[in-house]
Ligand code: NAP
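Given as structure tokens, the chain that follows is alone and in the form predicted on its own.
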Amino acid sequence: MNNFTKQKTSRLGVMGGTFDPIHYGHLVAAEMARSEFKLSKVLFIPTGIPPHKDRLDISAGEFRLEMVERAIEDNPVFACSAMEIERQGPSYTVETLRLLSKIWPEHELYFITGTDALREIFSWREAEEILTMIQFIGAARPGFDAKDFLQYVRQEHPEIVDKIHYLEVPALAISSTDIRRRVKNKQPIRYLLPEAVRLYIEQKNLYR
């Protein structure tokens, strides 16, 4: 019996994103997902070269990785990986999941993402393989209406309906885009993200 046919004994949360910068919305979503779905650990994976992003001014991977590490350092069940930043070429989720399946074959993978990104999963590279490998947790603002998307999934992809879960996260009103805008306009960002991250942004003069 190989690793892929063994009974999964634990659940690993995987949270990808540019994290430019990471903020409390990301952290609250990860913690709520960990609790709600009984995840043994949540692994944050900053994107190297995001294939779906049009931004050309994404901060260097080393800066984004450092901000994540500073943000999660006080939570023993949160961890960070540089696997996408260190990998050459665009960061495709399917390649990351294949690697994670080899590293943690005993874990069932739960991919945590925003509901906006969740709506795009069928456009991801090798989406069909991705959908056989993981469970999806869509983090949504309170009041988010997912009926249209779920109806589409039931009609077009009924085999994965049970793999898609929604989780309301109040702190998702915070966004990285707004934080970058605030920094550029010299507006306060304190309490929108961990203080260690705010100080790092200041130290490295990011987003100005």
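When you see a residue number, it is the position in the sequence shown, counting from 1. In this text, all values refer to a predicted model and were calculated from it rather than measured experimentally.
Missing here is the form predicted in complex with the ligand; even so, the following discussion is about that form.
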With the partner left out here, if you bring back the ligand in the predicted bound form, are Gly13, Trp104 and Glu108 all within 4.5 Å of it by some heavy atom? no
If we define contact as a non-hydrogen atom of the residue within 4.5 angstroms of the partner, is Ala139 a contact of the ligand in the predicted bound form? yes
4.5 Å heavy atom contact, His23 to the ligand in the predicted bound form: yes
Would Ser40 count as touching the ligand in the predicted bound form under a 4.5 Å heavy atom rule? no
Under a 4.5 Å heavy atom criterion, is Asp116 part of the interface with the ligand in the predicted bound form? yes
Name the single residue among Leu172, Leu65, Val153, Ala33 that comes within 4.5 Å of the ligand in the predicted bound form, judging by heavy atoms. Leu172
Across 181-202, the residues having a non-hydrogen atom within 4.5 Å of the ligand in the predicted bound form turn out to be none
